[in-house]
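A single chain, nothing else alongside it, follows as structure tokens in the form predicted on its own.
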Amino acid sequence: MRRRQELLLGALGVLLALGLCEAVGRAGLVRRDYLPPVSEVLARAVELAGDPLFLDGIGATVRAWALGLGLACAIAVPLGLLLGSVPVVDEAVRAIVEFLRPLPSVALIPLVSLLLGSGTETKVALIAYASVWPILFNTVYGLGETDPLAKDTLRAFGFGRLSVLLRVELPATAPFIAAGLRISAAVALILAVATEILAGFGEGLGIFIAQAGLATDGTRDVLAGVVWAGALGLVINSVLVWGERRLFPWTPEHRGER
């Protein structure tokens, strides 16, 4: 019942926002060159679904997103388990991590483009760099929240450090890793599109938006591309939330939803 209420309220909010934008566009309060009516933007977004070149660009963006996010997981989860399990290592690399974490990935685009070129490698590298931090810190935090009694019980029965990690710590940390993955998925999509926009050439959803922005009457195409980006983000987040509910129904945020 609560989930149904949330969906209804969310749909109502979207409809109100779309209706307001449509009214503003139709009333002429803002020039159509700057804000076309929502109906025209949505119609253009639907029309783009039949454009093979546009769909190829969507595929390029999604591929870079998936590769970058997968690389971030492959780096962040083992590193987070190491830092959370071995305090000496955590203290040794803490200063480096705190130095690298605040660096904005967008500011690194010129440097990475110079080193790797303007292809998929650049997008994947930047996506991985931006996405690694939420997963890494959630993994470390999840290890810190593991029940010490469960770990002591396994040690009392003669289980070694690796067994405790695999049998207790990793399962207890998994919901935190999943939450970090969901945050990083959104960050990765933002970086994928932003890198393409700033690069200005190649293929991808951001390239379509950047090229449409250079056209004299390209506002409708720009907004249609933004609609597609938002729809991709919504689908990705919905799938990940659904997966969390199915895999970790015992967590407090999902306990009352079944």
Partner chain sequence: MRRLKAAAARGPLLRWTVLAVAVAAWQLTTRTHPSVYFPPPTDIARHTHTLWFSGPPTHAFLTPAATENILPSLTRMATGFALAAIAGIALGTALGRSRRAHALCNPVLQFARAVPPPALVPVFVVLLDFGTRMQVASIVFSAVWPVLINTADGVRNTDPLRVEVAAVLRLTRTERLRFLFLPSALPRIFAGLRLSLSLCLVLMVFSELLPGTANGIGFTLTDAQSRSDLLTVWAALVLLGALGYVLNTGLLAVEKRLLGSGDR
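Residue numbers count along the first chain shown, from 1. Being a predicted model, the structure only gives us computed values, none of them experimental. Between two forms, the rigid core is the largest collection of C-alphas that superpose within 1.5 Å.
Below, we turn to the form predicted in complex with its partner chain, even though it does not appear here.
Chemist: Of the residues V239, L247, V14, L20, which one places a heavy atom within 4.5 Å of its partner chain in the model of the complex?
Modeler: Contact check passes for V14.
Chemist: Find the only residue in A45, L67, A229, I58 having a heavy atom within 4.5 Å of its partner chain in the model of the complex.
Modeler: Among A45, L67, A229, I58, a heavy atom within 4.5 Å of its partner chain in the model of the complex occurs only for A229.
Chemist: Where, among 183-191, 143-151, 77-85, 169-177, do residues come within 4.5 Å of its partner chain in the model of the complex by heavy atom distance?
Modeler: Answer to the contact question: 183-191.
Chemist: In the model of the complex, is there a heavy atom of its partner chain that lies within 4.5 Å of any heavy atom of L71, even though the partner is absent here?
Modeler: No - in the model of the complex, heavy atoms of L71 and its partner chain never come within 4.5 Å of each other.
Chemist: Give a yes/no on whether G243 approaches its partner chain to within 4.5 Å in the model of the complex, heavy atoms considered.
Modeler: Taking the distances in the model of the complex, the answer for G243 is no, it never comes within 4.5 Å of its partner chain.
Chemist: Mark I96 yes when one of its heavy atoms lies within 4.5 Å of a heavy atom of its partner chain in the model of the complex, and no otherwise.
Modeler: I96: contacts its partner chain in the model of the complex.
Chemist: Looking at the partner-bound form in the model of the complex, is V41 within 4.5 Å of its partner chain by any heavy atom?
Modeler: Because no heavy atom of V41 falls inside 4.5 Å of its partner chain in the model of the complex, the answer is no.
Chemist: Hey, which residues along 96-134 are within 4.5 angstroms of its partner chain in the model of the complex, non-hydrogen atoms only?
Modeler: Contacting residues: I96, E98, F99, P102, L103, P104, V106, A107, L108, P110, L111, S113, L114, L115.
Chemist: Tell me, please, whether between the shown form and the other one the C-alpha of G10 is shifted by 2 Å or more, with the rigid core used for superposition.
Modeler: After core superposition, the displacement of the G10 C-alpha between the shown form and the other one reaches the 2 Å mark, so yes.
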